[in-house]
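Encoded as structure tokens, the following chain is the form predicted alone, with no partner shown.
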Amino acid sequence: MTDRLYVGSRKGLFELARRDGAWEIADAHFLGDPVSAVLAAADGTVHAALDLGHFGAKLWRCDGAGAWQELAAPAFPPKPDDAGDDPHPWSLGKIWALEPGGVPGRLWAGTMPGGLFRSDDDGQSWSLVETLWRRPERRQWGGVAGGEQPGISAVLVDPRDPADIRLGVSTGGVWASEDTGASWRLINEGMYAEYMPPERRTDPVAQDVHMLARCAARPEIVWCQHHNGVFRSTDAGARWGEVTAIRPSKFGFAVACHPRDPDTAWFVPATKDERRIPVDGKLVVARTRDGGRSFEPLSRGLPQRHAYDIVLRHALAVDGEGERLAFGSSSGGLWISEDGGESWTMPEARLPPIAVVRFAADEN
């Protein structure tokens, strides 16, 4: 099990360590700066993306000895003349997802406005995956949160085959590549978008994929928290079945899958659309252990009166053993479980709004 947890917030990156059976803040980095993505490796290396608004997106790397170095952030090529009708900008909004590539030195970055970037030198340099960027369907991708740029929120790499990649796009569906990004196909069969007109309900490019999670031991099992429900695939995303048993609601942003048990997954349900608060003001984590046929709302240690915390896409994490979980809220709440979600504790800290929570990769 890992004893390190990283929490990216609107006002800095907080590093937590487990000592004497309790979690406490061991260090703080980039205080005052918004952190949009984090990746923590087993060797102590940490990548952190900052979303500095007017000053742009920045990328930093910490070596195993604790020294931080600024890296070049991913960059789009100049917008060509023949792309004048492209509704999306050809410039980096923010880095939204950072994931390891399955081979030494390789990293993937998902960005707003819907770009996928690859690095083969541990983030020192980046190249845009133009095969995806130049797909005609990309121009139909919708914005996040009612008007922002579309974004790649999830990058799933098959641990058995680093060439096999699945992407979750908000709003743009699920995409697959089996050749390290040389070609792509849209794989949304079985999903539906209840917010679209009837004729576009099953349109694959109209699916608002909030987040994807893949079982490390069984990578063909993929879970999706969609804008209007939960879906599960048993064939790496080629076909999807809706999971209707989730309670207290089917809306949410985050999903985490047990790394060894493909039937176990966790969600943080909320009241959808304009409200976006926990149902009845009770903060719960919904867990299934039978592939979505039934769910348990887990609440021990979580506030059950006047709790209005919302958990964003990247703010729920499970460790490599599947026992420790952590999630943070847009109100700055942080909760950690040592027993698969049965009970939760809150570290002694008042944090800024939380965008991302990541355990360091296990050392074995």
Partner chain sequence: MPTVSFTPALERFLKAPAATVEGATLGEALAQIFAAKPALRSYLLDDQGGLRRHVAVYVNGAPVRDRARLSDPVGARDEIYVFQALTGG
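Positions refer to the first chain, counted from 1. Given the structure is predicted, the values throughout are model-derived calculations rather than measurements.
Same protein, other form: the form predicted together with the partner chain, not shown, and the subject of what follows.
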**OP:** Using heavy atoms only and a 4.5 Å cut-off, determine which of P297, G56, G44, G301 is in contact with the partner chain in the predicted bound form.
**Re:** G56
Subject >> in the predicted bound form, segment of 46-54, 313-321, 333-341, 61-69 with a heavy atom within 4.5 Å of the partner chain >> reply: 46-54
Subject >> R201: touches the partner chain in the predicted bound form, heavy atom cutoff 4.5 angstroms >> reply: no
**OP:** May I ask you to state whether A28 is within 4.5 Å of the partner chain in the predicted bound form, using heavy atom distances?
**Re:** no
Original post:
Is there a non-hydrogen atom of R276 within 4.5 angstroms of a non-hydrogen atom of the partner chain in the predicted bound form?
Top reply: no
**OP:** Using the partner position in the predicted bound form, report whether V103 sits within 4.5 Å of the partner chain, counting heavy atoms only.
**Re:** no
Subject >> Contact set, 81-109 vs the partner chain in the predicted bound form - heavy atom within 4.5 angstroms >> reply: W90, S91, L92
